[in-house]
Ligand SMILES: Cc1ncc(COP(=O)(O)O)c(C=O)c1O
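Next up: a single chain in C-alpha coordinates, the form predicted alone.
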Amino acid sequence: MEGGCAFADGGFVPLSEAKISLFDWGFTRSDATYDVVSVWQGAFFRLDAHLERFMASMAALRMQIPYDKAALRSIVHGCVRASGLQSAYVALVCTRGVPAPGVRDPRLAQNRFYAYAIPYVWIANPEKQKQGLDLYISQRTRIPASSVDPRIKNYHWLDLVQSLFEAYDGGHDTSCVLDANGHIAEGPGFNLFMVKQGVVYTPDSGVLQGISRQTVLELCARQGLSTSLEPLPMAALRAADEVFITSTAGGVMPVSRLDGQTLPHFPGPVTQRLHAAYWALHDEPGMRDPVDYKD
(Lines give C-alpha, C1' and ligand atoms only; values in the text may rest on other atoms or scores of the structure.)
Protein backbone atom coordinates (compact mmCIF):
# COMPACT_ATOMS: atom_id res chain seq x y z
CA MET A 1 0.00 0.00 0.00
CA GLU A 2 3.01 2.33 -0.32
CA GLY A 3 1.93 5.71 -1.67
CA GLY A 4 -1.75 5.21 -0.97
CA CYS A 5 -4.62 2.77 -0.62
CA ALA A 6 -8.01 2.31 -2.28
CA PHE A 7 -11.26 0.60 -1.37
CA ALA A 8 -12.91 -1.04 -4.38
CA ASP A 9 -15.20 -4.02 -4.90
CA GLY A 10 -15.63 -4.36 -1.15
CA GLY A 11 -11.96 -4.56 -0.15
CA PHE A 12 -8.76 -2.61 0.34
CA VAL A 13 -6.32 -2.74 -2.59
CA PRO A 14 -3.16 -0.95 -3.77
CA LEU A 15 -3.87 2.08 -5.93
CA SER A 16 -2.66 0.23 -9.02
CA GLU A 17 -5.38 -2.37 -8.57
CA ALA A 18 -8.30 0.05 -8.12
CA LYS A 19 -10.34 -0.04 -11.32
CA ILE A 20 -13.66 1.16 -12.69
CA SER A 21 -15.54 -0.39 -15.62
CA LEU A 22 -15.44 1.35 -19.00
CA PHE A 23 -19.22 0.98 -18.99
CA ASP A 24 -19.86 2.57 -15.60
CA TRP A 25 -22.07 5.62 -16.07
CA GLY A 26 -19.78 7.45 -13.68
CA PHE A 27 -17.22 7.28 -16.49
CA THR A 28 -19.42 7.50 -19.59
CA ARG A 29 -21.90 10.11 -18.31
CA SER A 30 -20.19 11.73 -15.33
CA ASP A 31 -23.09 10.28 -13.34
CA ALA A 32 -21.34 10.33 -9.99
CA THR A 33 -20.88 12.24 -6.78
CA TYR A 34 -17.85 12.45 -4.54
CA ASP A 35 -16.36 14.14 -1.52
CA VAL A 36 -12.83 14.86 -0.36
CA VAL A 37 -11.64 15.07 3.23
CA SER A 38 -8.15 15.78 4.49
CA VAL A 39 -5.95 14.02 7.01
CA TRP A 40 -3.46 16.34 8.66
CA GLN A 41 -0.77 15.16 11.08
CA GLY A 42 -2.49 11.85 11.65
CA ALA A 43 -6.09 12.99 12.06
CA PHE A 44 -9.08 13.61 9.78
CA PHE A 45 -10.34 17.20 9.77
CA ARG A 46 -14.13 17.66 10.02
CA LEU A 47 -14.78 14.11 8.84
CA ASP A 48 -18.41 14.07 10.05
CA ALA A 49 -19.27 17.12 7.96
CA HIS A 50 -17.79 15.54 4.84
CA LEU A 51 -19.55 12.21 5.40
CA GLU A 52 -22.89 13.95 5.93
CA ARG A 53 -22.48 15.97 2.73
CA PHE A 54 -21.50 12.86 0.78
CA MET A 55 -24.56 11.00 2.01
CA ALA A 56 -26.79 13.99 1.22
CA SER A 57 -25.34 14.15 -2.30
CA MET A 58 -26.05 10.46 -2.87
CA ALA A 59 -29.62 10.88 -1.65
CA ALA A 60 -30.15 13.86 -3.96
CA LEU A 61 -28.94 11.78 -6.94
CA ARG A 62 -31.05 8.77 -5.87
CA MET A 63 -28.01 6.63 -5.23
CA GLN A 64 -27.73 3.92 -2.61
CA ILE A 65 -24.78 1.94 -1.28
CA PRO A 66 -24.64 -0.76 1.41
CA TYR A 67 -22.67 1.41 3.84
CA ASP A 68 -23.98 3.74 6.53
CA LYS A 69 -22.05 6.65 8.03
CA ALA A 70 -20.23 4.46 10.55
CA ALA A 71 -19.16 2.03 7.83
CA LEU A 72 -17.93 4.87 5.59
CA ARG A 73 -15.91 6.24 8.48
CA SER A 74 -14.36 2.82 9.01
CA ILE A 75 -13.52 2.51 5.31
CA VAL A 76 -11.73 5.85 4.98
CA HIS A 77 -9.86 5.23 8.22
CA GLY A 78 -8.85 1.87 6.78
CA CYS A 79 -7.51 3.48 3.61
CA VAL A 80 -5.34 5.89 5.59
CA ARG A 81 -4.22 3.28 8.10
CA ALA A 82 -3.18 0.85 5.35
CA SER A 83 -1.28 3.56 3.48
CA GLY A 84 0.46 4.86 6.59
CA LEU A 85 0.02 8.45 5.38
CA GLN A 86 0.15 11.11 8.10
CA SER A 87 -1.19 13.82 5.80
CA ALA A 88 -3.55 12.66 3.09
CA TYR A 89 -6.18 13.57 0.51
CA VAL A 90 -9.02 11.09 0.95
CA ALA A 91 -11.83 10.74 -1.59
CA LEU A 92 -15.18 8.98 -1.43
CA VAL A 93 -16.89 8.31 -4.78
CA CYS A 94 -20.28 6.89 -5.69
CA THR A 95 -21.07 6.13 -9.35
CA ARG A 96 -24.32 5.17 -11.02
CA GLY A 97 -22.74 1.84 -11.93
CA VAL A 98 -23.12 -0.48 -14.91
CA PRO A 99 -26.62 -1.18 -16.23
CA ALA A 100 -27.46 -4.35 -18.13
CA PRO A 101 -26.54 -4.24 -21.85
CA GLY A 102 -28.97 -2.05 -23.77
CA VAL A 103 -30.64 -0.70 -20.61
CA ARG A 104 -30.94 3.08 -20.37
CA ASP A 105 -32.99 3.27 -17.17
CA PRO A 106 -30.76 4.61 -14.34
CA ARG A 107 -33.01 2.94 -11.77
CA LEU A 108 -31.75 -0.43 -12.98
CA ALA A 109 -28.05 0.30 -12.44
CA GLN A 110 -26.32 -0.97 -9.31
CA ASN A 111 -24.54 1.97 -7.71
CA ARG A 112 -20.85 1.51 -6.92
CA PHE A 113 -18.73 2.92 -4.11
CA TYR A 114 -15.00 3.62 -4.12
CA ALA A 115 -12.61 5.38 -1.75
CA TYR A 116 -8.91 6.12 -1.76
CA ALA A 117 -6.18 7.86 0.21
CA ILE A 118 -3.19 9.51 -1.46
CA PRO A 119 -0.60 12.02 -0.20
CA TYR A 120 -2.06 15.42 0.65
CA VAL A 121 -2.83 17.56 -2.42
CA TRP A 122 -2.33 21.34 -2.53
CA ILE A 123 -4.00 23.80 -4.91
CA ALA A 124 -1.20 26.14 -3.86
CA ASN A 125 1.57 24.82 -1.62
CA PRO A 126 2.94 26.94 1.27
CA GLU A 127 5.75 28.36 -0.87
CA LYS A 128 3.27 29.46 -3.55
CA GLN A 129 0.96 30.90 -0.92
CA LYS A 130 3.75 33.21 0.23
CA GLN A 131 3.82 34.65 -3.29
CA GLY A 132 0.04 34.71 -3.59
CA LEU A 133 -2.03 33.37 -6.45
CA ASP A 134 -2.63 35.19 -9.71
CA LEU A 135 -6.33 34.54 -10.29
CA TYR A 136 -7.76 34.79 -13.80
CA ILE A 137 -11.42 35.82 -14.07
CA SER A 138 -12.82 33.82 -16.97
CA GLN A 139 -15.89 34.96 -18.89
CA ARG A 140 -17.13 31.37 -19.02
CA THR A 141 -20.47 30.67 -17.37
CA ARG A 142 -20.70 27.96 -14.74
CA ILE A 143 -23.31 25.26 -15.37
CA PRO A 144 -26.46 26.89 -13.95
CA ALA A 145 -27.87 25.63 -10.66
CA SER A 146 -31.19 25.03 -12.41
CA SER A 147 -29.46 22.36 -14.49
CA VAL A 148 -27.03 20.77 -12.03
CA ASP A 149 -27.31 21.59 -8.33
CA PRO A 150 -23.82 22.82 -7.33
CA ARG A 151 -24.48 21.82 -3.72
CA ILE A 152 -24.08 18.22 -4.91
CA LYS A 153 -20.35 17.70 -5.36
CA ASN A 154 -19.92 16.43 -8.92
CA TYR A 155 -17.51 15.92 -11.79
CA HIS A 156 -19.16 18.37 -14.22
CA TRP A 157 -15.96 20.37 -14.61
CA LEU A 158 -15.54 21.04 -18.35
CA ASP A 159 -16.34 24.74 -17.90
CA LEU A 160 -13.83 24.96 -15.05
CA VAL A 161 -11.17 23.02 -16.95
CA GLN A 162 -11.51 25.25 -20.02
CA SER A 163 -11.16 28.32 -17.81
CA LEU A 164 -7.94 26.83 -16.44
CA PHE A 165 -6.51 26.51 -19.95
CA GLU A 166 -7.35 30.19 -20.51
CA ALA A 167 -5.57 31.08 -17.27
CA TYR A 168 -2.47 29.07 -18.12
CA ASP A 169 -2.36 30.55 -21.63
CA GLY A 170 -2.17 33.99 -20.04
CA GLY A 171 0.48 33.04 -17.50
CA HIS A 172 -1.89 33.00 -14.50
CA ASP A 173 -2.04 30.43 -11.70
CA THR A 174 -5.71 29.49 -11.61
CA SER A 175 -9.16 30.69 -12.62
CA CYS A 176 -12.72 31.32 -11.60
CA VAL A 177 -15.89 31.43 -13.68
CA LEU A 178 -19.11 33.44 -13.63
CA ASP A 179 -22.71 32.57 -12.93
CA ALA A 180 -25.54 33.12 -15.41
CA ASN A 181 -25.92 36.73 -14.22
CA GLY A 182 -22.27 37.59 -14.78
CA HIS A 183 -21.34 37.45 -11.09
CA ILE A 184 -18.33 35.64 -9.67
CA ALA A 185 -19.08 31.96 -9.03
CA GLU A 186 -16.26 29.56 -8.10
CA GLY A 187 -13.05 27.98 -9.35
CA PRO A 188 -11.79 24.45 -10.03
CA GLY A 189 -12.18 22.89 -6.60
CA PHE A 190 -12.41 26.07 -4.53
CA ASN A 191 -14.74 28.76 -3.21
CA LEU A 192 -13.87 32.43 -3.46
CA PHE A 193 -13.94 35.24 -0.87
CA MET A 194 -13.16 38.94 -0.95
CA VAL A 195 -12.60 41.50 1.78
CA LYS A 196 -13.69 45.13 1.50
CA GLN A 197 -13.38 47.60 4.37
CA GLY A 198 -13.11 44.74 6.84
CA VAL A 199 -16.20 42.85 5.65
CA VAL A 200 -15.76 39.32 4.29
CA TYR A 201 -17.90 38.55 1.22
CA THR A 202 -18.60 35.31 -0.64
CA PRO A 203 -21.21 34.31 -3.26
CA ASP A 204 -24.52 33.31 -1.73
CA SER A 205 -25.71 30.83 -4.36
CA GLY A 206 -24.77 28.89 -7.49
CA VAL A 207 -21.67 27.41 -5.88
CA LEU A 208 -20.63 24.33 -3.94
CA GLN A 209 -21.17 24.96 -0.25
CA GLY A 210 -17.67 23.87 0.63
CA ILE A 211 -16.74 22.58 4.08
CA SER A 212 -13.73 24.92 4.04
CA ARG A 213 -16.07 27.76 3.03
CA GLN A 214 -18.30 27.00 6.00
CA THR A 215 -15.26 26.74 8.26
CA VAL A 216 -14.17 30.24 7.27
CA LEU A 217 -17.65 31.65 7.90
CA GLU A 218 -17.61 30.06 11.36
CA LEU A 219 -14.14 31.45 12.06
CA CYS A 220 -15.31 34.93 11.03
CA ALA A 221 -18.13 34.66 13.58
CA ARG A 222 -15.65 33.57 16.25
CA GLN A 223 -13.35 36.50 15.53
CA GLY A 224 -16.06 39.12 15.23
CA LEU A 225 -15.54 39.67 11.52
CA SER A 226 -18.59 40.83 9.58
CA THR A 227 -19.63 38.58 6.69
CA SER A 228 -22.01 38.99 3.80
CA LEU A 229 -23.30 36.26 1.49
CA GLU A 230 -24.43 37.99 -1.68
CA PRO A 231 -23.81 38.10 -5.46
CA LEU A 232 -20.30 39.34 -6.28
CA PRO A 233 -20.06 41.46 -9.45
CA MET A 234 -16.72 41.35 -11.26
CA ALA A 235 -16.25 45.07 -10.57
CA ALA A 236 -16.60 44.46 -6.83
CA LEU A 237 -13.96 41.74 -6.89
CA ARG A 238 -11.56 43.93 -8.83
CA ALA A 239 -12.05 46.69 -6.25
CA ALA A 240 -11.52 44.39 -3.26
CA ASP A 241 -8.90 45.04 -0.60
CA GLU A 242 -8.14 41.32 -0.25
CA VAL A 243 -9.12 38.14 -2.09
CA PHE A 244 -8.61 34.52 -1.01
CA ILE A 245 -9.82 31.08 -1.95
CA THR A 246 -10.74 28.10 0.23
CA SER A 247 -10.47 24.38 -0.35
CA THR A 248 -9.79 21.13 1.46
CA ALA A 249 -6.71 21.06 -0.78
CA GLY A 250 -4.92 23.92 0.92
CA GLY A 251 -7.24 25.66 3.37
CA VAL A 252 -7.26 29.47 3.15
CA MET A 253 -5.05 30.57 0.23
CA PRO A 254 -4.32 34.23 -0.54
CA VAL A 255 -4.69 35.85 -3.96
CA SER A 256 -2.16 38.56 -4.73
CA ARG A 257 -3.21 39.43 -8.30
CA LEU A 258 -6.37 39.45 -10.40
CA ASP A 259 -5.68 39.00 -14.10
CA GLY A 260 -2.10 40.01 -13.40
CA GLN A 261 -3.04 43.23 -11.56
CA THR A 262 -1.71 43.46 -8.00
CA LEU A 263 -4.27 43.81 -5.20
CA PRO A 264 -3.86 46.76 -2.79
CA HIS A 265 -3.27 44.57 0.28
CA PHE A 266 -1.08 41.49 0.13
CA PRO A 267 -0.67 39.70 2.36
CA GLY A 268 -3.99 41.01 3.62
CA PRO A 269 -4.49 41.23 7.40
CA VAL A 270 -7.91 39.53 7.37
CA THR A 271 -6.67 36.74 5.12
CA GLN A 272 -3.68 36.19 7.40
CA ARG A 273 -5.92 35.98 10.48
CA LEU A 274 -8.22 33.46 8.86
CA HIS A 275 -5.32 31.42 7.45
CA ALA A 276 -3.77 31.10 10.92
CA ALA A 277 -7.11 30.34 12.55
CA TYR A 278 -7.95 27.68 9.96
CA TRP A 279 -4.80 25.69 10.62
CA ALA A 280 -5.04 26.21 14.40
CA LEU A 281 -8.51 24.67 14.21
CA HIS A 282 -6.89 21.38 13.16
CA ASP A 283 -5.65 21.01 16.76
CA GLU A 284 -9.09 21.34 18.35
CA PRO A 285 -10.31 17.94 19.63
CA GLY A 286 -13.82 18.47 18.25
CA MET A 287 -12.45 18.88 14.72
CA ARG A 288 -10.02 15.95 14.82
CA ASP A 289 -10.71 12.29 14.18
CA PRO A 290 -7.36 10.58 14.84
CA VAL A 291 -6.28 7.59 12.78
CA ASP A 292 -5.25 4.50 14.75
CA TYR A 293 -2.28 3.34 12.72
CA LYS A 294 -1.71 0.36 15.05
CA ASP A 295 -5.20 -1.09 14.60
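Predicted model only: the values in this text are computed from it and were never measured. In case it trips you up, residue 1 is the first one in the sequence shown, and so on.
One more form of this protein, predicted in complex with the ligand, exists but is not displayed; see below.
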| property | result |
| --- | --- |
| Listed residue (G210, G78, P203, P99) with a non-hydrogen atom within 4.5 angstroms of the ligand in the model of the complex | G210 |
| Candidate from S138, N111, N191, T174 lying within 4.5 Å of the ligand in the model of the complex - any heavy atom | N191 |
| Contact label in the model of the complex: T248 to the ligand, heavy atom within 4.5 Å | yes |
| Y168 within 4.5 Å of the ligand in the model of the complex, heavy atoms | no |
| Close approach of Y34 to the ligand in the model of the complex, 4.5 Å, heavy atom | yes |
| Partner contact for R53 in the model of the complex: the ligand, 4.5 angstroms, heavy atom | yes |
| Option from 240-248, 25-33, 66-74, 256-264 whose residues, in the model of the complex, bring a heavy atom within 4.5 Å of the ligand | 240-248 |
| Residues within 4.5 Å of the ligand in the model of the complex, restricted to 145-165 and counted by heavy atom | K153, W157, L160 |
